[in-house]
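What follows is one chain in C-alpha cells, specifically the form predicted alone.
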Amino acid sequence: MRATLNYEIRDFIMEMGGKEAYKCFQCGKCMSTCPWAQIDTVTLPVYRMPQNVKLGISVSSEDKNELAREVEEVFRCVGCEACVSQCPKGVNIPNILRAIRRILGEYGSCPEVLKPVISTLRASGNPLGQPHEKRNEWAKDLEISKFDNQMEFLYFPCCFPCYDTRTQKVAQSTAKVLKKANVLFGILGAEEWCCGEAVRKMGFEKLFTELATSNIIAFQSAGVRKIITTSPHCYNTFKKEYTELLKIPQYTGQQAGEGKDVRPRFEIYHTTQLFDMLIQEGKIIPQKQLNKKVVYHDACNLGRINGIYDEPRKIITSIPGVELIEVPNFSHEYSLCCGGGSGGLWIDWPKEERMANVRVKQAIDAGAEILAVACPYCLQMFEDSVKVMDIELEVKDISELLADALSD
C-alpha cells in the first residue's frame, strides 16, 4: 500500500521532541542491538523509524489495519536505549517514538491494554488502582517514621513495592537493611504519587507533569534533600527528568496559583549505591552464607542509562559463599532488557515474543541458581517467565539477598 504523506504530523512529532530524527543516516546499528533482534518471530525496523518521521509517513496511514500495525511497531519500543548506546550519532530513538506516542495518546490511538492503566493512574495516583491512603501499608509492621526534615533520607519505594504483595518484600528488605545500618530515613506515604516515568514513556506528557509537580511540591514542603529509590525508573526520572520542569507552583501550605522559576535540587541514590557505601564503611556486614551461583541482571535504567554496574556486583560478592557469574556477550551495557519498560510491563506479548523468557534462558544456560535484580519491573517480568517456562530459578532483588545475609 502506498505510504500516506502527512507533513502536519511530521511537524507535530518534531515539535513534541522528535528532532533527533534528522541526525539519523540509517547505518542500521540500532537493528542489531535492539532487544527485539533476539526474538526470531519479530522484525522491528528500528532504523526506518527516524526516516519515516522525516518523510512524514509515520503513523499517517488512513487505512485502519495499516495504522494498527504502525501503532504496534511504535509501542514495541521498551525504552532500553540499547540503540542509543551503539548509535554513532547518539540518536535517541526512544525519545523520537515517545514524541510519536504523544500524538497517538492525544487521539486515543495507544494500545487498548494501556488505556485502563492511564485511567487508573489519573484516578488513584498509581498504576495498580490501589487506595492512595494505603500507600504506606507495606511498612505497617516495621516502625518506620514519617519523613521530617531532620532525617537524612526520604525512601521512595515505587508504586509496585508499595502495593504489590510480592514486591512489597523488596521495600521491606530495603527498610530492614537501612535500619540495621542506623540510617536516618522516613517515608511520605500518601503524600507521594507515582513518579510518572511509565506514562511519560507511553506519551502522556500532561499526566506526567501533573504527577511530577505533585511529588516535587511534596518533597520541597517536607524539606527533602536526599532520596533513596528502589526502582531505577524512579531513580532516572527524579535525577534527569524532574529537572526539566523549571516552572512549578510554589508550595506555601496550599498550592498557590502562580508559578515560580525553581529547579528541584535533590540528591538521588539508588538502593544499590547506598548499600555499597554502607558495606564499604563497615556499617553493615553480610555474614550468612549463601552457597549459590548468581547471575546479576543489569536493569536498563540503572546500567546502560546511568552507568551503575559495579555497585550491585560488589554487594552480591560481599555475601559469603556467592559465586557471581556473567552471561557471555549479554552483560553490563549489553544486557538484554526484561521488556517491562515504556509500558511493556502491561502488554501481554505472546510467549514466543517475551524478552524476559530469552533473558531467563540466558541465565539458566550460564549456570545460575539465582537471578538477581535491582528493579521491580525486572522482578515481575522474570518471575512471570519462570512460572510460564516451568523451570527452577529463583528471582531475587539484591535488597532481599542482602537483608537475608545480615545477622539478626
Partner chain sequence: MNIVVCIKRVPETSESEIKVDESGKDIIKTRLTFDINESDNYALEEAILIKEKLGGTVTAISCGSPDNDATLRMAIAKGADTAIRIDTADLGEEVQPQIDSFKIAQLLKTAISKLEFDIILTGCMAKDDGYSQVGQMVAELLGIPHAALVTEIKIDAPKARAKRELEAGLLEVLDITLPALFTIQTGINEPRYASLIAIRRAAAKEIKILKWNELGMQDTELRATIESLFPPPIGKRAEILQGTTDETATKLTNIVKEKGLI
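Positions refer to the first chain, counted from 1. Everything numeric in this text was worked out from a predicted model, so none of it was measured. Basically, rigid core = biggest C-alpha set you can superpose within 1.5 Å across the two forms.
There is another form of this protein, the form predicted together with the partner chain, and it is not shown here; the text below is about that form.
Q: Could you spot which one of 133, 267, 244, 143 gets a heavy atom to within 4.5 Å of the partner chain in the predicted bound form?
A: By the 4.5 Å criterion, the partner-contacting residue is 133.
Q: Have a look at 288, 115, 240, 179 for me and say which one sits with a heavy atom within 4.5 Å of the partner chain in the predicted bound form.
A: Exactly one listed residue reaches within 4.5 Å, namely 115.
Q: Report whether all of 9, 13 and 64 sit within 4.5 Å of the partner chain in the predicted bound form, measuring from non-hydrogen atoms.
A: Verified in the predicted bound form; spot residues all in contact, yes.
Q: Of 106 to 114, 298 to 306, 85 to 93, 333 to 341, which is the one stretch near the partner chain in the predicted bound form, taking non-hydrogen atoms within 4.5 angstroms as near?
A: Only one stretch qualifies here: 106 to 114.
Q: Indicate whether residue 138 is a 4.5 Å heavy atom neighbour of the partner chain in the predicted bound form.
A: Residue 138 lies outside the contact set for the partner chain.
Q: Heavy atom to heavy atom, is residue 184 within 4.5 Å of the partner chain in the predicted bound form?
A: Looking in the predicted bound form, residue contacts with the partner chain do not include residue 184, since no heavy atom lies within 4.5 Å.
Q: Considering only heavy atoms, tell me if residue 193 and the partner chain come within 4.5 Å of each other in the predicted bound form.
A: Although the partner chain is absent here, residue 193 would touch it in the predicted bound form, with heavy atoms inside 4.5 Å.
Q: Considering non-hydrogen atoms and a 4.5 Å limit, does the partner chain approach residue 129 in the predicted bound form?
A: Answer yes; at least one heavy atom of residue 129 falls within 4.5 Å of the partner chain in the predicted bound form.
Q: Given a 4.5 Å distance limit between heavy atoms, list every residue of 23 to 49 close to the partner chain in the predicted bound form, or none if there are none.
A: Residues within 4.5 Å: none.
Q: Quick check: residue 40 between this form and the one not shown - does its CA shift reach 2 Å or more after fitting the rigid core?
A: No, the C-alpha moves less than 2 Å.
Q: Take the rigid core as the frame of reference and indicate whether the C-alpha of residue 61 shifts by 2 Å or more between this form and the one not shown.
A: Yes; residue 61 is a residue whose C-alpha shifts (by 2 Å or more) between this form and the one not shown when the cores are overlaid.
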